[in-house]
Structures are given as C-alpha cells and as structure tokens.
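The chain below stands alone, shown as structure tokens; this is the form predicted on its own.
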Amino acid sequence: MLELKDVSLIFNASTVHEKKALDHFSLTIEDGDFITIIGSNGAGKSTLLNAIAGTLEIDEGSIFMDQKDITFMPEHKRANFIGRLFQDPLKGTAPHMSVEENLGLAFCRGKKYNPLSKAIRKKDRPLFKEVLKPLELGLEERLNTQVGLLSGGQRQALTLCMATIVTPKLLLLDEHTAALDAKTSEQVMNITQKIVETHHITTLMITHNIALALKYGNKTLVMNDGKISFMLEGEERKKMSVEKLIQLYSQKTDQMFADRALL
C-alpha cells in the first residue's frame, strides 16, 4: 500500500548542525495496518510523517503509494488521499468558521467544484450530522457553532471527522491526543479506533505514551536516530509490556527513553 525505499532527509546539510533526520529508512505498510510509532525526541517520528505527507522533501530514496511513485508529488495533491491530525487541537480547523463550514470544506477535498463557493450545500447537512453523531459529543446539534468556541477534545474529534469524512487511503496522527487531559484523550482515542476500523483506514500514529502504543493498532514501530530500531507485531506485541519494551529499547539502542509521558 505505502512503501518507503531507502529514504534519507538531512537538516542543515554540510554545516556543523547537520542532522540526518531519516537515515536510509525503508518500510512497507500493508493495506489496513494501524502502526503506532514511538521513540525518543529527535528519533525522526514527525519527520517521517512530514516526508510521507509531502511537507518535507526527501533528499534520497523513493516513496510509493499503491505502487505509484509519489516522491515528488506536492503536498496539496497528496492531501487528496492522505488525512492528517496534529498535536495542537487548534491546527486543522478554521476557528472563525462554523462546525458545518469546516466539515463542508473538508468534504470538498478531491471534488471538482470550488470549495470556497459551494462548501455548504443543503443535501450535505444530513451527512454532516450522521458523521458527528457517533462522536457522542452533541456536535450534530451545533452545526452553526464557531469551532473556536469548542473545547480541545471536541475540536480534535471534529478534526478527526474532517480528516476522514472523505475516506483517505492513509491517516497520519502526530500525537493527536497529547495536548488533551487523560479522560478526553481516552475518548478521542476510542473515537479514532472506531473510525479507523469502520472505514478500514491504513493509519500511522505517533505517540510518546508506550501504553497507548501497545493498546491500539496491530504493529508498533520503534525509531531511533532516523532509523527503525525494531518492529513489534503478532504474539510478540501482544505479550509485550511497557517495562519490557523500555528494557528492549535500551538493549537495542544503548539508550534510555528520556521523554515525557511514556508510561
């Protein structure tokens, strides 16, 4: 489904601050995979998602989607088949526009009509309510509410709906619950899993929380210094605990996790 072949990306090349954020990185992601990604700060996790989304141009290697080379495809064209959420609930929405208007713009993704002039159409409103109702946040009754007035959890859940209202081939989640309190984070994660499973969306999710990384998805990718340190899947992953994973990481990398909120 998605394949990265020998991908490298270097920041500040040929300077004293040179940093190889991705170092000959290769990975094959199968259709329907839900891969959680962990690693210490600077491991290359967000850079990986930026490279896949087209936000950053890679220096070496190739990226393929469904066997089509998208290495040099611009970010706005990849957005037609890649959905993305960020850590900050303020990203991904227009705060001065209504819930309905935000969903309307997202629904226009990949459509041929002008999204600015025809974002809101009467026949689309029942769909918007249908999409929002499973969230159980009451947003289906607040279509005219400005998004800036929503709580962080409501806004992140809305952003998730916006990213998937037109089912993407790939969903990229960059610590999308990290800025939320524990209860809201769990709620958004449950919503995430329901949407991913219902629509069979291939997903990559970065998290600093090892417990979350092992609870959700079918594979866990551990990164270090722009490379894959190891991948957990199947029975090995099912039997893995937070403590064992930290110990395995230390054995594989000769380093200790030094990040926040790992447990």
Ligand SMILES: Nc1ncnc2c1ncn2[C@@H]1O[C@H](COP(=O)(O)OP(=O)(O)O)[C@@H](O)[C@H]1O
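Since this is a predicted model, take the numbers as computed values, not measurements. From 1 onward, residues are counted along the sequence shown.
Keep in mind that the form predicted together with the named molecule is not shown, yet the notes after this line are about it.
Engineer: Counting any non-hydrogen atom inside 4.5 Å, which residue from 220, 40, 202, 209 sits next to the named molecule in the predicted bound form?
Structural biologist: Of the listed residues, the single hit is 40.
Engineer: Among 42-50, 25-33, 234-242, 190-198, which stretch sits within 4.5 Å of the named molecule in the predicted bound form, heavy atoms only?
Structural biologist: The contacting stretch here is 42-50.
Engineer: Does residue 15 reach the named molecule in the predicted bound form if we count a contact as any heavy atom within 4.5 Å?
Structural biologist: No, residue 15 is distant from the partner.
Engineer: With the partner left out here, which residues of 16-34 have a non-hydrogen atom within 4.5 Å of the named molecule in the predicted bound form?
Structural biologist: Going through 16-34 in order - heavy atoms within 4.5 Å of the named molecule in the predicted bound form - the hits are 19, 21.
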